[in-house]
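This document opens with one chain alone, in structure tokens, the form predicted alone.
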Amino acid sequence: MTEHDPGGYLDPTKPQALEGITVVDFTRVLAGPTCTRMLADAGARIIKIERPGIGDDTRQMGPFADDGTSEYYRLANVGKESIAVDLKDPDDMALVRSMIKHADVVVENFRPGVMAGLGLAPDDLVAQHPRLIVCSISGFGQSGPMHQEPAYDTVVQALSGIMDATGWPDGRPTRVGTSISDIAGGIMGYCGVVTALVARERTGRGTTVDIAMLDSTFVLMQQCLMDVLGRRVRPTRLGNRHPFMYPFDTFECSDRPIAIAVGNDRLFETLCNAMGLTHLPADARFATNVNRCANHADLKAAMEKVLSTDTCETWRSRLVDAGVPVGMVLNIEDTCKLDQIAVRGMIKNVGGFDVTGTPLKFGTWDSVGATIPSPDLDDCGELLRREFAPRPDA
């Protein structure tokens, strides 16, 4: 541990949690590559299968760095090895099958049925290699009436309810400001693979893992689902306000908004004392959380009358000192400059480019994550062909 790394998380001499695990990666764009990027950060070897001459679609997607390479591709593919293969060529397919034979995990995010059409159906692969884990990530999963429909993040956001839940009450449904459905699918894929690896250690058995972006986004909708499944009420957009707690919202200061989150009566009294609003906890409209939610507009007006007398930073400092959960509303460029992000290693330089670090922090294992740059197309092709060349006697 050091002054700059008090948790001891950024020690590159620590062993990696998934060291020795080999993954054959058929993924492209974002959902699948997010899963395999997380596996790479945990120490797994990722062999990325790409199309000759083209590679992953995101190699042609911006934004582009000064050297012409795609930042989209870079962030999702740090720590991987690339090989370009023609999946319709018998020799290349023999090589791929040899890789799979020696692998622990296969991850793919083709539309359901594509792997079977290539002769690589997930169930068949597990039957042939009983310790193998095959993770399939798709828009709607491998079953159900929609499973063959094409899907990108925005389509899934629209269907999942998250788009309708995002925005202001008098506005229109709004896409979340990142590809949340892709990323959720990738994270769930990682969870599924790691769970299957633990189960394999206990049982010796591999498995298929079926991840749907729609399922993954649907389960993020916990608070709206409380209304629908429990209260049988149709939820509506609330802007930045929490549906069941108040004050839990953004509020205007003299220069910019601030986020304040108060989840119980004790914190509400603490907030009021820090703001000089000591009379509010005794006001029947605000005495309990239920009452504060019912009268949120009146409470917000009373708070903003005081907050508007000073700057966001002044109020942030004052409320943090009082123990109130609070934060300035930042542009991501400003978030990147936070000392908290630096100390936690959430931005790292790999191959001369800044990329994201891993959010998984282990006490025993390496938490720096992958330090190999995202690969040029077919950068390891020759080496991989030699390593996994099919052998008649194997």
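Numbers follow the displayed sequence, beginning with 1. Treat the numbers as computed from the prediction; the structure is a model and nothing was measured.
Keep in mind that the form predicted in complex with another copy of the chain is missing from the display, and what follows is about it.
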Taking 4.5 angstroms as the cut-off for heavy atoms, does Gly141 touch another copy of the chain in the predicted bound form? yes
Close approach of Leu125 to another copy of the chain in the predicted bound form, 4.5 Å, heavy atom: no
Using 4.5 Å between non-hydrogen atoms, is Ser98 touching another copy of the chain in the predicted bound form? no
Any of the heavy atoms of Ala302 lying within 4.5 Å of another copy of the chain in the predicted bound form? no
Partner absent here, but in the predicted bound form, which of 114-122, 176-184, 88-96, 272-280 has residues with a heavy atom within 4.5 Å of another copy of the chain? 176-184
Spell it out for me: taking another copy of the chain in the predicted bound form, does every residue among Thr13, Val105 and Val368 have a heavy atom no farther than 4.5 Å from it? no
I need to confirm a contact call. Of Ala287, Ala294, Val306, Ala158, which residue comes within 4.5 Å of another copy of the chain in the predicted bound form, counting heavy atoms only? Ala158
Taking another copy of the chain in the predicted bound form, which residues of 53-87 have any heavy atom within 4.5 Å of it? Met61, Gly62, Pro63, Phe64, Glu71, Tyr72, Leu75, Ala76
